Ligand SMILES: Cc1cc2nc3c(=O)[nH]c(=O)nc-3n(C[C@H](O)[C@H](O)[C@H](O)COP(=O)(O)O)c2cc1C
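Okay, here we've got a single chain as structure tokens, the form predicted on its own, with questions on binding and movement later.
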């Protein structure tokens, strides 16, 4: 059953558009700098994430595992991550915890990228012991604990998880016992500031906002079983841009101690730059890489990510930002639905629009 579900997910992701809601970045606008005063050779995209220095603020986010097809995809993705010097997370390892025969589909990542930053991945509902087995399985450098409750609710009763009690305590205990940094990750519906505060209180090293606007797993589960039942929930959640600001607001004075992964519908270098300027430490990408793999293999995946990095550097040059840290100092004006949401939530947006008051 699990193998059929994973194959179905890969088939559907290949052919589905993002959304239906957007990631919200169309409401976020950089203030143009007509005197940037830098040369392309001066830009530097190196950042630190979970204590590791990485060459570019991009991350290949969790996609798949547990089937033969997944091994091919994971090997290609790991090879690209190795070439570009960026982190990669594997798909949920629950299948491998239950069936040793499918562990190869995850282990290929470490084989292909022996020294790279690899994150293990399990549900936040699994026990700390199970989570640590997932870390050991691939000699991981970090551990993603994913939260996908709306997706679970759309699954048939014999597939989905129906009890979500104790997740926060479980996250706290896993963080306490984990030998590697723990990343708490949403899967397509965003993290609001109230839950962000709770997650930060556990000592998690990073939050992955996983906002709406990208791959919609509510829709995917609806297509697998009952589209009509899923239809009312297709717009559920917070957009990626909104969630980023909410999480940043929650981090407050702890923002230097907690990394933020911006993921959910980020498909180009301009939106990548906006996500970083809104507080993201790195940008996670998943769905488009599946489509790239099936259309052109490893080469297409690498070409796609290099294109995003090239566009990111173009934005940095136009704004006069030599580094990602300087990019985060550039003013942003937030308008539209995103502004209305955040203002209703009591968040001051002038802090973004008036960042450089020295001029």
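Just so it is clear, the structure is predicted and the values come from calculations on it, not from any experiment. Numbering follows the first chain given and starts at 1.
What follows is about the form predicted together with the named molecule, which we do not show.
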With the named molecule left out of view, which of 265, 87, 237, 280 would have a heavy atom within 4.5 Å of it in the model of the complex? 265
Contact residue in the model of the complex, from 269, 222, 116, 288 (heavy atom within 4.5 Å of the named molecule): 288
The chain here is shown without the named molecule. Which stretch in 180-188, 227-235, 126-134, 194-202 comes within 4.5 angstroms of it in the model of the complex, by heavy atom distance? 180-188
Contact test in the model of the complex: residue 63 vs the named molecule, heavy atoms, 4.5 Å: yes
4.5 Å heavy atom contact, residue 217 to the named molecule in the model of the complex: yes
Any of the heavy atoms of residue 342 lying within 4.5 Å of the named molecule in the model of the complex? no
Exercise: residue 13 in contact with the named molecule in the model of the complex, heavy atom 4.5 Å: yes
Let me test this: is every residue among 92, 146 and 284 within 4.5 Å of the named molecule in the model of the complex, going by heavy atom positions? yes
